[in-house]
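Below you will find one chain, with nothing else, as structure tokens; this is the form predicted on its own, and questions on how it binds or moves follow later.
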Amino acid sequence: MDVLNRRTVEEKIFKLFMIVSICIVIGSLVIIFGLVIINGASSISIEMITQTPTPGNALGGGILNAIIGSLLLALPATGLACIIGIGIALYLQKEFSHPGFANFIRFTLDVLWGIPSIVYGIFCLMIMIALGMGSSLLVGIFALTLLEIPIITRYMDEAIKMVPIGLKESAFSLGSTKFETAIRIVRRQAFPGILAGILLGLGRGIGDAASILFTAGFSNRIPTSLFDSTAALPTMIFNLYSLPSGQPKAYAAAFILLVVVLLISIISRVLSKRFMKHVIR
């Protein structure tokens, strides 16, 4: 009886711990959104997302240049990281590489994932100085690509590893080559996980500030060339908040950034669930 009571108490303690953990996560999200909306609601307007900053007045006009700049930085970087990541993820499977070497690459990717993003920014800054370049959209894309590669690659790798081995063996028995099996069978089966990794990398790229702080620079104009400096939503928030009366507009920009990242997460969930219907379990 004592043992049964002890187990019952332990179960209730762990249930309480789980409930408290869930409340902390949800509460943090609600508090963050609440503070951002309360402090920035007065500055959110149609003009804010359709106009560029007023020349000579950082608090005038909108933040259209930062919104477009974030897209110009994150979308190409995610595309490049996706192309590189899918090649690495496919190579890491046992059909193509030695298990020991594949595990070493996975460990390397995990280490790269854990490196602070500002280190990527400083690394790209050193390359800029060595090449005599200035801050630009091109270097910002390069920095975000390096940041996103380990994230997207590890998601792709785990998704591909979940493909049933029997499905691959069936394709081999029908005469498919390793490459054909990877492209036609494995890709389709792992697509929901691959898509989730891509969208997660995109969200990280749009929301990161440290890696582009020294590489993309800042500008009140919309860039017209890869060699132009560009603003992004995170750097715009940083610059606005540093101004004496720019906090409300900074909070409004933060709200727009949160909405963008939230939409990416929702789209990732919806699309992954939709494509899961075509996965053979």
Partner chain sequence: MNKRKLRDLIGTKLMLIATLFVSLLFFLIFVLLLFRSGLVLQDNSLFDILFSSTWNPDNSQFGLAPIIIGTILVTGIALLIAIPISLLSAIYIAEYAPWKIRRILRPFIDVLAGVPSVVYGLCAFLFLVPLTKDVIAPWFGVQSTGLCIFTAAVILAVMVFPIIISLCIESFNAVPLALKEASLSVGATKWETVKKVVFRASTPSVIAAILLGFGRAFGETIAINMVIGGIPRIPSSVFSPGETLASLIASKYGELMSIPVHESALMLVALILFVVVLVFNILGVFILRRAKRRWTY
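This is a predicted model, so every value here is computed, not measured. We call the rigid core the largest set of C-alpha positions that still match within 1.5 Å between the two forms. Numbering follows the first chain given and starts at 1.
If you look for the form predicted together with its partner chain, you will not find it shown, but the lines that follow are about it.
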- Note on the structure: Which of 64 to 72, 42 to 50, 219 to 227, 238 to 246 lies within 4.5 Å of its partner chain in the predicted bound form, heavy atoms considered? The stretch 238 to 246
- Looking at the partner-bound form in the predicted bound form, is E180 within 4.5 Å of its partner chain by any heavy atom? yes
- Message: Since only the chain is shown here, I'm wondering whether S28 would be in contact with its partner chain in the predicted bound form (any heavy atom pair within 4.5 Å).
- Response: yes
- Item | Proximity of L35 to its partner chain in the predicted bound form, heavy atoms at 4.5 Å | yes
- Item | Contact label in the predicted bound form: C82 to its partner chain, heavy atom within 4.5 Å | no
- Looking in the predicted bound form, the residues of 245 to 262 with a heavy atom no more than 4.5 Å from its partner chain, listed in order, are Q247, A250, Y251, A254, L257, L258, V261, L262
- Message: Aligning on the core only, does the CA of G34 end up 2 angstroms or more away between the shown form and the other one?
- Response: no
